[in-house]
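Here you get one chain, nothing else, as structure tokens; it is the form predicted alone.
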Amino acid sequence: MQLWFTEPHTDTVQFSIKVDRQVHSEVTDFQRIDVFESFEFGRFLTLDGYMMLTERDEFIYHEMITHVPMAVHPQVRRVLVIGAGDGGVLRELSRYPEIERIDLVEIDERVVEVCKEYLPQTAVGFEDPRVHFYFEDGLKFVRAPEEVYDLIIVDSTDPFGPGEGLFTKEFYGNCFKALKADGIMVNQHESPFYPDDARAMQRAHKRIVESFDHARVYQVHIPTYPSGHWLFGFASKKYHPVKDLDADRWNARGLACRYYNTNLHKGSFYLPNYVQTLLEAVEE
């Protein structure tokens, strides 16, 4: 008998991975957490039946959500990370010695504990002494701080269930308030390909544009995410993601990445026409 993990991408499209074995399963107060071992993608994490990461391609997501803003902002000292309970964003942030403090807000502490036990490839930043944990709702947490953070990374789940509040106008407005005068926010921005995903992406973009002076979108290819075509949002009070990129400064760090580089950084903001049309429809 063969075991397959299958995730619906639309009512008529499914994505399946052949599974060697299931290594963990539990239901918390917030969601169902599963970890599987697969032949092609190594171990992978799902929440409520939706793919969060695989060992094979997680580096794409985590490098692009982290290094893009870090290569633009010249002085990141305080970072707020919302979500990211798998540790991949912390792993990438920990490579920057100038960062003084990282506040991690994750609603479900069990995600962190499960990833520590079963996904050591990503869960390597939790021991960094600069990391401070807050196991609570990110929507509520971000209401309080004012001009505290240089960078906010919103590594949220999709806009339903525990992650739904992280796609609201209130949330993005509070992120704006929590950032310093030259702060940057990046967020996972959904896929533009399938119609339901595209509408969710447009809603998020519209709300970000209403709050931030500079709001741009960039793209990546992540094989295990719906359609493989994924977007991130870059929003800032001051910096343009391409014009203010300091490639020489970032390259002088000598950070070895498997996906990100500064040429790709620039290119990722040049979007296909169909995506640009979707974005322009809600920017007017």
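Numbers follow the displayed sequence, beginning with 1. From a predicted model like this one, the values you see are computed outputs, not experimental measurements.
The protein also exists as the form predicted in complex with another copy of the chain; that form is not presented, and the subsequent description refers to it.
Undergrad: Have a look at R32, R253, K238, H229 for me and say which one sits with a heavy atom within 4.5 Å of another copy of the chain in the predicted bound form.
TA: When another copy of the chain is considered in the predicted bound form, the option within 4.5 Å is H229.
Undergrad: Using a 4.5 Å heavy atom cut-off, which of 73-81, 109-117, 96-104, 192-200 contacts another copy of the chain in the predicted bound form?
TA: Looking at the partner contacts, the answer comes out as 192-200.
Undergrad: Even though another copy of the chain is not shown here, does Q219 get within 4.5 Å of it in the predicted bound form, heavy atoms only?
TA: Flag for Q219 set to yes.
Undergrad: With the cut-off set at 4.5 Å between non-hydrogen atoms, does Y50 touch another copy of the chain in the predicted bound form?
TA: No.
Undergrad: Would D248 sit within 4.5 Å of another copy of the chain in the predicted bound form, counting heavy atoms only?
TA: No, D248 stays farther than 4.5 Å from another copy of the chain in the predicted bound form.
Undergrad: Residue-level contact is defined here as any heavy atom of the residue lying within 4.5 Å of another copy of the chain in the predicted bound form; does L264 satisfy this criterion?
TA: Yes, contact at 4.5 Å.
Undergrad: With the partner absent here, would Y134, K206 and E283 each sit within 4.5 Å of another copy of the chain in the predicted bound form, counting heavy atoms only?
TA: None of them does, since no heavy atom lies within 4.5 Å of the partner.
Undergrad: Within 4.5 Å of another copy of the chain in the predicted bound form, which residues of 1-29 have a heavy atom? Give them in sequence order, or say none.
TA: Residues within 4.5 Å: W4, T10, D11, T12, V13, Q14, F15, S16, I17, K18.
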